[in-house]
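So this first bit is one chain, no partners, the form predicted on its own, shown in structure tokens.
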């Protein structure tokens, strides 16, 4: 019987009383059945080497209980995949061969007590993969999204993540930049309010020379919302000439919010460049005064700022119909604040 999993672990621990070294994913109230169909041993072995952001406990659980689907993009080909029909626990294994291109869109909505997704990517040299995840579940239940990627020479892995629904939300992403001049780009937008919680763990392992990573998180905390963000850029020995940066912007539009941010840069190499920064707060009196002088009242100004905060992430999605659905959900969520 599955009870509690330790997830979203920091690679370098800090003071325990801060309660950010990890978190617990409680699955004790759910029943799980093991899938009858097994993944081919050769494929399983290849993807066992792909580390995910939420950690080994969850990866082991997913490998045992998830419905698994394997997708291969052959050399020089391009594929676009849209996923919306999700089981309770899902795992997708994506292999992109040399000079292949893959875009995966996962749209998760509806009324679910538990919705779990694991997505693993293996990118061969000179390939590109982009994962777009949009979650607009009803405000109940538990949701997790666990992502991992191994990125070879001159390849790019991009992750665009929008979290607007759910009650207890967990997200992790790990990019292993093992190839020279490989890249990882991550953009996340969210809204948390009314006892919603979001726990994030992003990690860029910059292993080879001249790798690049960029992590951007931008979101809104309304009354009763809670968010923890762990962002790690790890320059390994041998990653000379690599560059990494992470930024976070948190807009608070209500009282009784909880925000925890842990930006972390680890250096095992001298010739690297790492940057991080964060801005957290509500709209200033000066901005509100300016908006009011233009005929925009305070509630409208707050809704406009919240809308812009999340749409900054959604702008990286090419699907105009999906962006329109996101925009509609943002307006509906912020309107009730």
Partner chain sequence: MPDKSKIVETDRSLYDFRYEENAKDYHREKSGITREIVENISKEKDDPEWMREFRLHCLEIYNRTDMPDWGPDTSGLDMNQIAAYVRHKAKMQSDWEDVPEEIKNTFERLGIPQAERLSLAGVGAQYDSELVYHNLRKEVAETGVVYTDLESAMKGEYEEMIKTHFMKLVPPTDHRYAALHGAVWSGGSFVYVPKGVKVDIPLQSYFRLNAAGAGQFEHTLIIVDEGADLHFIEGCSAPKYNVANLHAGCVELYVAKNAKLRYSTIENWSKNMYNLNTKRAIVEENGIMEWVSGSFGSHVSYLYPTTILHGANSKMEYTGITFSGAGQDLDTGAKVIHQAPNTTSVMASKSIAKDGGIGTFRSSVVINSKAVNSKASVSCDSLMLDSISRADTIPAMDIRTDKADVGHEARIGRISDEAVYYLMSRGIKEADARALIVSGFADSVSKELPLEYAVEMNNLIKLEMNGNM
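All of these numbers come straight from a predicted model, not from anything done at the bench. Positions refer to the first chain, counted from 1.
We do not show the form predicted together with its partner chain, though everything after this point is about it.
Enquirer: Would residue 111 count as a contact of its partner chain in the predicted complex, using a 4.5 angstroms cut-off between non-hydrogen atoms?
Expert: Residue 111: no, not in contact with its partner chain in the predicted complex.
Enquirer: Find out whether any non-hydrogen atom of residue 98 is located within 4.5 angstroms of its partner chain in the predicted complex, and reply yes or no.
Expert: Residue 98: no, not in contact with its partner chain in the predicted complex.
Enquirer: Determine whether any heavy atom of residue 55 comes within 4.5 Å of a heavy atom of its partner chain in the predicted complex, and answer yes or no.
Expert: So residue 55 does not count as contacting its partner chain.
Enquirer: Heavy atoms within 4.5 Å of its partner chain in the predicted complex: does residue 272 have any?
Expert: Residue 272: contacts its partner chain in the predicted complex.
Enquirer: Only one of 252, 74, 84, 88 gets a heavy atom within 4.5 Å of its partner chain in the predicted complex. Which one?
Expert: Contact check passes for 252.
Enquirer: Using heavy atoms only and a 4.5 Å cut-off, determine which of 304, 278, 287, 46 is in contact with its partner chain in the predicted complex.
Expert: That would be 278.
Enquirer: If contact means any heavy atom within 4.5 Å, which of 210-218, 184-192, 260-268, 120-128 contacts its partner chain in the predicted complex?
Expert: In the other structure, the partner sits against 260-268.
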